[in-house]
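In the block that follows, a single chain appears as structure tokens, in the form predicted on its own.
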Amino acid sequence: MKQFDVLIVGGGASGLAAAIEAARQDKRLRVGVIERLDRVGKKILATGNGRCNLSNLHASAQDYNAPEFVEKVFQKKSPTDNMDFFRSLGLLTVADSEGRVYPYSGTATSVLDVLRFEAQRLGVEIVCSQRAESVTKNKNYFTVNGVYSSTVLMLSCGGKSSPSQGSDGSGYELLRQLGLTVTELKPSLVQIKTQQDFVKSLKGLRSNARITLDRGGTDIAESRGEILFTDYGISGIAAMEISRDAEKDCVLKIDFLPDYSEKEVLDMLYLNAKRNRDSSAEYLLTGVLHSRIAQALLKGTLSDFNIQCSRLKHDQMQNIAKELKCKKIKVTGKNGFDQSQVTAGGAELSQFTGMLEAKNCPGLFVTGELLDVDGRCGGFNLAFAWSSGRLAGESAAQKILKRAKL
């Protein structure tokens, strides 16, 4: 049986960060990583369209579904600390105007390479093409697949999103085998499906808007930014950020002019109608929105699309203003885990100490997306992966060193 002091299941972002942090505590520690794919870090290579949006300068606990829990992690290993961590690996980074951090090289390969090389330099043993299917624990150690044993076990397997890159959801079963509770799992940061009568004709068009998710007359989520119309619904950063809560009983409300009040929009419409009084209503929104979006909105509002602007009545103008400020589209669902960037749900957070150790299973640490933590789009989820991995890696190593009095 292969023996380790710290064994990490999952060679993704949080797992590699944990391995490096654990090995840095003491060179005598035997640190191992087992990964089900043929190489570690495949999901890292896919992030940021291959550029690896590895963090965000503005990341705070409020950008996540569980801010109190995340705050405790960030107090010990903050996103700012993570930038120091990457500098210690030799990685140069650059941030864009939205605070999104990328490797200076412009390629995700640089991020994965510095992590792999540091793990190798520190003597971390990485075993690929090894799927963890079973885990047991006795008083003194954990056993994985009946082949690997360790004093401390860390589960860093990721969620269910992007299974082709290693996150197939198998980590949740390992959690259950050790007696931990897993909350409901849902795809998040994913495209939203809607009724198609409005969106289908706009396929491929983008618009900056504020979108709100309404359930039973109550607004439950809101985001502002770019939306992308598809033949099945809405994509884009703003749509993906509210997708966590998107269900069939919801209504999507789009504000195409979020910088203007409804009264200001109505005044603008009257000015445009006066300027184009002899033209048909299809020209009413010229210069305001993309012509195809404008036509789709007007066709859904006016019974006579070809009516002259000068003949538009006050109630018609009001209805157009209301549509511009609050176009309602019924949600019919969302795409699945294979299309999502992150998994909502996971290991129930009350089961863990502030050091990410399971309270009822001493020696077990859990990191990253396997926890019930998910954040906004723009580097926030990787920021938590690095922080949680580094914290758990350091905590796990210190636990062993304290016990052994090395």
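Given the structure is predicted, the values throughout are model-derived calculations rather than measurements. Heads up: residue numbers just count along the shown sequence, starting at 1.
There is another form of the same protein, the form predicted in complex with a small molecule; it is not shown, and what comes next is about it.
- Contact with the small molecule in the model of the complex, defined as any heavy atom within 4.5 Å, is confined among 24-32, 66-74, 42-50, 352-360 to 42-50.
- The small molecule in the model of the complex is approached by V9, whose closest heavy atom lies within 4.5 angstroms of it.
- For the chain shown alone, S170 is a contact residue for the small molecule in the model of the complex, at least one non-hydrogen atom being within 4.5 angstroms.
- Mapping the unseen interface onto this chain, M154 falls outside it, with no heavy atom inside 4.5 Å of the small molecule in the model of the complex.
- Residue contact with the small molecule in the model of the complex: A132 places a heavy atom within 4.5 Å of it.
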